[in-house]
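Next comes just one chain, in structure tokens: the form predicted alone.
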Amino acid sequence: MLNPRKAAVVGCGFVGASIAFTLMQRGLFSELVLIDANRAKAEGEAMDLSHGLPYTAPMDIYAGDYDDAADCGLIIVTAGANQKPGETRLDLIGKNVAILKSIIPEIRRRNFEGILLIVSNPVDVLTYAAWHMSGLPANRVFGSGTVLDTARLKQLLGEHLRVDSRNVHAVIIGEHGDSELAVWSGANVSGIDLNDFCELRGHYDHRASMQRIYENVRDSAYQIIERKGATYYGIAMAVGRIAESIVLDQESVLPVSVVLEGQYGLDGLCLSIPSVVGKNGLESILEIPLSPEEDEALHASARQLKEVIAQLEL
């Protein structure tokens, strides 16, 4: 029987372990299974995490296998090769699709009835591959998408405007990668148009500021990898936010990576699009208003990803 308060993390590297730590702190689950090709690594992470339980909510954290994950409400896949300095997310495709081919059939064989969340990069391509391989309905397979990129955008805008980033409403859509785009046309701060708010704070050179902030969002992973070798805290917080919306059925609007079936005139791929996320996974994919330039940028991002998907052997 499906247990909505049981989750599994597949892959216990920096990202997977950080996600497990975030989920433990949030107290969303009563049971957390850690799965890794290196069983000892999973066991070590489970032991280390469990020692913090007296300071958070009761929870059972242990290393396991795919049989242990069969009844999970949520399986989070982080396994894959890390992005190295100078590499793009798309450079990881061959290695990480091969890893996914060893994971998804294991999940499928156990008649998994929960939600599958893909975090490994390139997340849009791997989400599409996971959906294709899993046989699960599209509402139950999605990726972490640009939830992290959107947080980066909000944080940088909040810093630029000297305002609480939680009051900034803006979104990054498209590929979680170099072709992503910011939806400036709908951005606001507590309902005040972004450009108007900028002027209230003494900023008038909108185009230059928007370009600088967008480039910082787009390139931030490269900057972090160059300095410390990997990114993991930000994505862990983003995945925690997605998990919260699922477990608590919050019906939050989050730019997750979704299978498109005609939305925006696109199909046959996954892109990060604002979607309502709740206990059943994707409640709906939102077709938000875009400027003509934004619409063209979204379709350009889609063309690039479709070319990549066409070369996959699924």
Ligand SMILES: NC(=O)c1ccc[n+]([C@@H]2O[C@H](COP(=O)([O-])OP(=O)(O)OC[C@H]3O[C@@H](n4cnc5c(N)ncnc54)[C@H](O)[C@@H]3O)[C@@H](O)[C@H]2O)c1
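All values derive from a computational prediction rather than experimental measurement. From 1 onward, residues are counted along the sequence shown.
In what follows, reference is made to the form predicted in complex with this ligand, a form of this protein that is not presented.
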task = Would you mind picking out the stretch of 187 to 195, 240 to 248, 156 to 164, 101 to 109 that comes within 4.5 angstroms of this ligand in the predicted complex, counting non-hydrogen atoms?
result = 101 to 109
inquiry  = When the contact criterion is heavy atoms within 4.5 Å, does residue 20 count as touching this ligand in the predicted complex?
reply    = no
query = residue 119 near this ligand in the predicted complex, any heavy atom under 4.5 Å?
reply = yes
inquiry  = residue 36 versus this ligand, in the predicted complex: is there a non-hydrogen atom within 4.5 Å?
reply    = yes
message = Whether residue 168 contacts this ligand in the predicted complex should be assessed with a 4.5 Å heavy atom distance threshold; does it?
response = no
query = All three of 16, 78 and 123 touching this ligand in the predicted complex at 4.5 Å, heavy atom to heavy atom?
reply = yes
Of 134, 82, 220, 139, the one that lies within 4.5 Å of this ligand in the predicted complex (heavy atoms) = 82
task = Please pick, from 235, 115, 172, 129, the one residue with any non-hydrogen atom lying within 4.5 angstroms of this ligand in the predicted complex.
result = 235
query = Within 228 to 243, which residues have a heavy atom closer than or equal to 4.5 Å from this ligand in the predicted complex?
reply = 230, 231, 235
